[in-house]
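In C-alpha cells, the next block holds one chain alone, the form predicted on its own.
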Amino acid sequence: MTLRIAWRNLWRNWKRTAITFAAVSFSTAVLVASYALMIGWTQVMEKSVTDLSVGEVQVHHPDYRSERSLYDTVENPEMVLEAAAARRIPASARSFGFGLLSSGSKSAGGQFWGVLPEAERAVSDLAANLLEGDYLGPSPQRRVVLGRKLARSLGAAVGTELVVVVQAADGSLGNDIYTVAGILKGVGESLDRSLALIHRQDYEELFVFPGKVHEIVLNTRGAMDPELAAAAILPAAGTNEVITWRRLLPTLAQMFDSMIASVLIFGAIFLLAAGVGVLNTMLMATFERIPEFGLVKAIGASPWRILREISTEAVILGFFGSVAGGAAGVLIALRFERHPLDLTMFVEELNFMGIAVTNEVPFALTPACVWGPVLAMWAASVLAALWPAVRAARMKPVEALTHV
C-alpha cells in the first residue's frame, strides 16, 4: 500500500518528477564515466612510467642515485638476477656512462646505456617506440639507438656514423665509431635529449669496464605488486638499494594519489547537486500536500506513516534514477574502454612531468566505478528527502489544514 501511494504521489506532478529523475540519472552517469576515465588515465600514466624505462623496481649501489659515479656499481648483480629469474620476475642489467658524440661538425653530450637487448625488451618498451630504423641486435656490432632530440642535435639519421669519445674507467680515453641503428620516438624529455643505447659488450669495451652494472630493473608489467617484487629479491640484494618506482618518483606517485582525491571531490559536488534537486522536488511535493497530511493525521494517521510515505517516494525516485544513470554510465565507459579517447587532435605528444604518455586514453570500468556512484546517489536522494518528511510528520493537524 505504501509503495502504491508513493508511486501515485510521484506522478501527481510528472514534469517535476521527470526533471528530478533526469538530474539524478545524469549525475550518476557522469560519476560512473568519470571514475572509469580517471582509473583508466591513472593506469595509462603508471604504465607509461613503469613500462617505458623506469620499471617497477630498481636495484643500485647505495650511493649511486646521489653521486652518479661511474664506480658505484651493483654488488653481486648475478645473485640479484638469479633471484629474479627464480621467481619469474623479468629483469635487465644496465650500465651507464657519459660521453661525447660527433657527426661532422656537430657534437653533443649523451648518456650511454649498455644493455642486453633481449633482457631490455622484457622490462621496457623502448624497442617498441622507434621513430625510424631498428633496435639493437643480439650481438655487439657498434650500433647505437639515439633519443630523438639528441639525433636532431647531431643531424644524425639511420646509417649515420658517429665518432664517440668517453672517459674510460681506467683513466684512458675511449673512442670508437658507431653507426646509428635507430631513433626513438618521444619517450621523455631527459631521454630524448641524451639517450644513446648500445649493446652491453660494446659498452664494456668502450668504457673498459667489464662485468660492472649500475642498475638492475625489474618489471612484471602489473603481474605482481612492486612492493612484493622488491621483497622477493631483497635477500639476494645484500647491501644494494632496492627501491620501487613510487619511492623513486615520489612526486609522481603523490600526483596519482591526488588525482584520485580530486575525483572524490568531483563526485561529492555531483552528489550535492543531485541531492539539492531531490530536496527541491520533495519540498514542493510536501508543501502542496500539507493540508492532505493534516486531514490524514486528523483521522488518526501517525507521524511515522507520513514520514514513511514521503521517504518511500524518495527511495523510489532515487533508486530508478541512480540505476538508470548507472546503466548509461556503464554504456559510455564500455564504449571508450573498447575505443579509447584519442587526444591527437588536441596535442601531438603528451608529456607528464618529463615522461611521455600515450595519446590514447582508455576508460577502465571496475565494479566499484558502478556500485559506488549508484549507491551514493541513491543514499543522497533518500537523505535529501528526510528533512521535508520530518517537517511534514511533525506538523499539527490544525496547522496543516489551514496551511496555504
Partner chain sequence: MKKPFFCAALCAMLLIGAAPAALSADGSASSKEILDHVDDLFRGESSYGTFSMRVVTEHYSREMKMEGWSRGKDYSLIRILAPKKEKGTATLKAGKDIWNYLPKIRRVIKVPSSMMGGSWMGSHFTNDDLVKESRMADDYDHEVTFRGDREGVRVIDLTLMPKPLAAVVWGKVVVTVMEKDFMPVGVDYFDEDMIMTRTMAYSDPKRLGGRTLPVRMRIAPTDKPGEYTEILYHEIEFDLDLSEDIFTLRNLQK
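Bear in mind that the values here come from a model prediction, so they are computed numbers and not experimental data. Residue numbers count along the first chain shown, from 1.
Keep in mind that the form predicted together with its partner chain is missing from the display, and what follows is about it.
With the partner left out here, check for me: in the predicted bound form, does some heavy atom of T239 sit within 4.5 Å of its partner chain? Because no heavy atom of T239 falls inside 4.5 Å of its partner chain in the predicted bound form, the answer is no.
With heavy atoms only and a cut-off of 4.5 Å, decide whether S172 touches its partner chain in the predicted bound form. Looking in the predicted bound form, residue contacts with its partner chain include S172, since a heavy atom lies within 4.5 Å.
So, in the predicted bound form, is L100 in contact with its partner chain at a 4.5 angstroms heavy atom limit? Answer yes; at least one heavy atom of L100 falls within 4.5 Å of its partner chain in the predicted bound form.
With the partner left out here, check for me: in the predicted bound form, does some heavy atom of E118 sit within 4.5 Å of its partner chain? It does not: once its partner chain is placed as it appears in the predicted bound form, E118 has no heavy atom within 4.5 Å of it.
Should the three residues S107, V163 and V208 be counted as contacting its partner chain in the predicted bound form, with contact defined as a heavy atom within 4.5 Å for each? Looking in the predicted bound form, the three residues S107, V163 and V208 all sit within 4.5 Å of its partner chain (heavy atoms).
A128, I177, I299, A86: which sits within 4.5 Å of its partner chain in the predicted bound form by any heavy atom? The residue from A128, I177, I299, A86 that makes the contact is I177.
Single option in Q167, N76, Q141, Q201 placed near its partner chain in the predicted bound form, where near means a heavy atom within 4.5 Å: The residue from Q167, N76, Q141, Q201 that makes the contact is Q167.
Please determine, with the chain shown alone, which of 319 to 327, 131 to 139, 118 to 126, 155 to 163 has non-hydrogen atoms within 4.5 Å of its partner chain in the predicted bound form. Residues of 155 to 163 come within 4.5 Å of the partner.
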